[in-house]
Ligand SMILES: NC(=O)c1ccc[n+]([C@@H]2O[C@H](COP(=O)([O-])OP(=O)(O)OC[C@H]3O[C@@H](n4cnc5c(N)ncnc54)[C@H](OP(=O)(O)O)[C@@H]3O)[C@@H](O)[C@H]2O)c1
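Below you'll find only one chain, the form predicted on its own, shown as structure tokens.
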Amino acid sequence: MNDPRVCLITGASRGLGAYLARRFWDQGYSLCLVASDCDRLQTSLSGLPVKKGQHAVALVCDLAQGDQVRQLIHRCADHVARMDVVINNAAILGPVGRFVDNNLDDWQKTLQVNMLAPITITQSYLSSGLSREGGVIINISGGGATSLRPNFSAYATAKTGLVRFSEIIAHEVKNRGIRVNCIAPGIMDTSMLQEIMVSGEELAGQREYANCVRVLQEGSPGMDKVGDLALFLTSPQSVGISGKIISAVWDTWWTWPQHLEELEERDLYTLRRVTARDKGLSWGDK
């Protein structure tokens, strides 16, 4: 009997991270679960049903602390011999409101947790003995990466940087058979949404606040589609799909294996500059 595949999930103590932990556990994965809150992390761990042949370990790590992040993969190596999937899920909202009024220390912490920590984990993983051909890196990276998001400049900047980073690294590790993609999960009823509500309409902005109210009143698509997409991206069906930012809610990603040549040859589902010519205008381009 083969050993189970192993998945690392950051931010695994609550919300989407805890949900993904359960989904991957149910699919037979062993887990390295990472979060800064020890008590919550242990609760997430203890909530997993016992399964023969699978094991899960809780690793307390504050992603705002660079030294701790740099040691994380080395700590994983004390528990697992290989790592098949890395999911950089953990994030903080950061300062809300006009950039000119933001605290720059909070801004820097947001960049550290949301962008630099996943970058550090990715480098540590790729340079370690845990990485394998066929490995998968998934970065949760919606939240302003593909559209304007006023009043959330730190969060959106970090997530946009993470998407571009993922595109570049996907190209660099292609010859190693490692795939790197980003998931845009859409609006979910999580603690982050509650933070926006607490910030209020004046700081968050009318549109952002209204979207949160709508989700609270009508519900959201939930986390199932994110879990489905994450599992798809780790499956053999997704071989050939890399360097993309994929909406769990709006993209028909399950059909993409039928269009691998088009996905490979074109800049579909990537960050790109929009020119006048792209919009059918005759000015601005040679």
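Here the structure is a predicted model, which means the values were calculated and not measured. Throughout, we count residues from 1 along the sequence that is shown.
What comes next is about the form predicted together with the named molecule, which does not appear here.
**Student:** May I ask you to state whether Ile140 is within 4.5 Å of the named molecule in the model of the complex, using heavy atom distances?
**Tutor:** Ile140: contacts the named molecule in the model of the complex.
**Student:** Is there a non-hydrogen atom of Ser36 within 4.5 angstroms of a non-hydrogen atom of the named molecule in the model of the complex?
**Tutor:** The answer is yes: Ser36 has a heavy atom within 4.5 Å of the named molecule.
**Student:** Could you tell me if Leu16 has a non-hydrogen atom within 4.5 Å of the named molecule in the model of the complex?
**Tutor:** Contact check for Leu16: yes, within 4.5 Å of the named molecule in the model of the complex.
**Student:** Verify the contact flag for Tyr155: yes if a non-hydrogen atom of it lies within 4.5 Å of a non-hydrogen atom of the named molecule in the model of the complex, no if not.
**Tutor:** Flag for Tyr155 set to yes.
**Student:** Cys7, Ala58 and Gly135: each with a heavy atom within 4.5 Å of the named molecule in the model of the complex?
**Tutor:** Verified in the model of the complex; spot residues all out of contact, no.
**Student:** Can you pick the one in Thr146, Ser199, Asn151, Thr190 that has a heavy atom within 4.5 Å of the named molecule in the model of the complex?
**Tutor:** Of Thr146, Ser199, Asn151, Thr190, the residue with a heavy atom within 4.5 Å of the named molecule in the model of the complex is Thr190.
**Student:** Quick check on this chain: which one of Leu203, Leu111, Val173, Ile92 has a heavy atom within 4.5 Å of the named molecule in the model of the complex?
**Tutor:** Partner contact (heavy atom, 4.5 Å) among the options: Ile92.
**Student:** Report the stretch among 73-81, 97-105, 173-181, 190-198 that approaches the named molecule in the model of the complex to within 4.5 Å, counting heavy atoms only.
**Tutor:** Every other range fails; the passing one is 190-198.
**Student:** Can you name the residues of 49-67 that have a non-hydrogen atom within 4.5 angstroms of the named molecule in the model of the complex?
**Tutor:** The stretch touches the partner through Cys61, Asp62, Leu63, Ala64.
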